[in-house]
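Shown here is one chain on its own, the form predicted alone, set out as structure tokens.
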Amino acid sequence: MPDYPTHEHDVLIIGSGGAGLRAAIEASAAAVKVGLVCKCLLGKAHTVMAEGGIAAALANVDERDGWQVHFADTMRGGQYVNNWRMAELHAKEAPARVRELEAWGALFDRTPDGRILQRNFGGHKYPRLAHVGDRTGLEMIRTLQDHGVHLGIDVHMEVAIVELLKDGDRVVGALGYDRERGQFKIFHAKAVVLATGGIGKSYKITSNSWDCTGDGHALAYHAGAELLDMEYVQFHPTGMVWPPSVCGMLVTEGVRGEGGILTNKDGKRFMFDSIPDNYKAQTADNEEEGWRYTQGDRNARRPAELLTRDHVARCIVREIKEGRGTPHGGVWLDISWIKKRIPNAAEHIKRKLPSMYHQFKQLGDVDITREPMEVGPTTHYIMGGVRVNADTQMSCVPGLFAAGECAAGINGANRLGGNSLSDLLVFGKRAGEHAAKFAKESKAGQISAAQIEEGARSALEPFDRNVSAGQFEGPYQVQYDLQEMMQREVGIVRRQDEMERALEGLAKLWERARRVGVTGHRQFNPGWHTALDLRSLLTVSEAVTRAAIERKESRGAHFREDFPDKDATFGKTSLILRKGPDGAMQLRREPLPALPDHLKKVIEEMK
């Protein structure tokens, strides 16, 4: 066995965001030894960037809300290709997870009578998002960390995992390296939970943090797990457009939830030009509020800006492409107009949207209480991920679990805002619970010295190549070219010829990645880190592209300009990707499980 530091755990959690922390807390509560590995510093996971709130049918603001309404909203938003069991569990268990977070010290905004306040959000019939201003994700991480710090969890910060270790078909640990010192580390575990977040850094314009490189997706795929729904990439309608240094930074949907409106360069509220047929447009009681839409209930009206994210994003792209965009290629998002109907509107905005106020003031010299924001779509979230069992969160690889954004199923073709944070809590808990149970029922597997030696050799290959001699290139250009290509060819609006070009480009980028070289030593070498990230970025980019080519229809976040309508056959089909015996990516279609009668009845009643 190579002489690397070895850490023994019953359950190893990879990722320290909301799902990872909640899994670690639950596994620790089951009295097993838990290790938590995070690529970043603890407290810096991408969950802190989630702003709008946690979707849970608490019914604190509107008593008509309930798990059935939340379930129906989630299924409708996902275009009914969701894993119905995950959507059901999520809707039923989210309220308990939010109240649990409150009991652990989360400081939610309050109703006048002291209950957790909830706000409107896109695709949700009633006000459903429990929130802490526009800093909800930050408060979630603070609360989970404060609660988890007393539970004896071993935390390994700034450690990147390069390979999952297997004993036969079963996962028995992971090989990683300390990003600061470059030292390899072995993690031996009976069960592994992946909670590594999204793939946003495979695109040029993204709201995602630097560490969202699809590591969990790629680790699971190369270990033999299946990937599901990878064609569904959500482009959030509103990211910052200016200045260029912050292009793509998220502008929370909470701005629209608090009354923000979208206008083009001519001052027109363009969202009313294309309200979907399944919604009914009508004038508001107050003409200053403009047009609104309803989901069939006149008392549940919402502004058109709160239609689902995929629809809003495409409407913004239409305005920009047809020459009605703002000076820097976006549209206007205006919350300042509410001064017409709210006394002390400036203070109200600062209280409700403190992060947005400071973000635009400090980064763009824009006072959102007085003037509109310039926004445009940004790569935000992937609905696809590791295929897991709905109840246990275990993949098809024994001992390997996944939760949060790197797991698939609950969101179907499109995620509703706010469902991500409740997803982290509900399925993070379930993953930790069942990983601990698996660990208790299993003996420790054997770690292969040959696997570790091969993993370390592969990770160090870039140092063996001479960049200065001109034979090899650095990793940054490969990453840049990948991001440019994915943004251009596999973005919001897709076409067969463009995606086939992307597939050809990916083959060339794979070859370039195999020849990437770096200079210097292993101690905190960003070039080396980027070189190692390329394997994950290219794996998930290829998965997205192959699945998007195969799905010849438009559904949810996946919009095909050459196939603009839904196809009933695809509406009953999942696309599953797996690594073949020859190492090539294989894709197959699989029928969706039938929705049980009692849940069909729920959906019909909610309609």
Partner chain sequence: MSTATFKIWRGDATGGNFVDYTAQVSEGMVVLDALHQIQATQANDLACRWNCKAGKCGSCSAEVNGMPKLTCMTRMSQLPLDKPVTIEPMKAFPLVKDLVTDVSWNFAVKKKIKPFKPRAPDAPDGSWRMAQADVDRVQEFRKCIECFLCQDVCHVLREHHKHDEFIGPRFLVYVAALEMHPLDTEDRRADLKQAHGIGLCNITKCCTKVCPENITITDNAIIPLKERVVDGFYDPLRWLLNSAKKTLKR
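Positions refer to the first chain, counted from 1. Please read all numbers here as calculations on a predicted model, not as lab measurements.
Although not depicted, the form predicted together with the partner chain is the subject of the following passage.
Contact annotation: residue 110 falls within 4.5 Å of the partner chain in the model of the complex, judged by heavy atom distances. The partner chain in the model of the complex comes within 4.5 Å of a heavy atom belonging to residue 139. The partner chain in the model of the complex is approached by residue 362, whose closest heavy atom lies within 4.5 angstroms of it. For residue 211, a non-hydrogen atom is located within 4.5 Å of the partner chain in the model of the complex, even though that partner is not displayed.
521 is the sole member of 457, 340, 521, 321 with a non-hydrogen atom lying within 4.5 angstroms of the partner chain in the model of the complex. Site annotation in the model of the complex: the residue of 273, 391, 511, 146 reaching within 4.5 Å of the partner chain with a heavy atom is 146. Looking at 493-501, 81-89, 418-426, 152-160, the stretch with residues near the partner chain in the model of the complex, meaning non-hydrogen atoms within 4.5 angstroms, turns out to be 152-160. Annotation for 74-110: interface residues with the partner chain in the model of the complex are 99, 102, 103, 104, 105, 106, 107, 108, 109, 110 [heavy atom within 4.5 Å].
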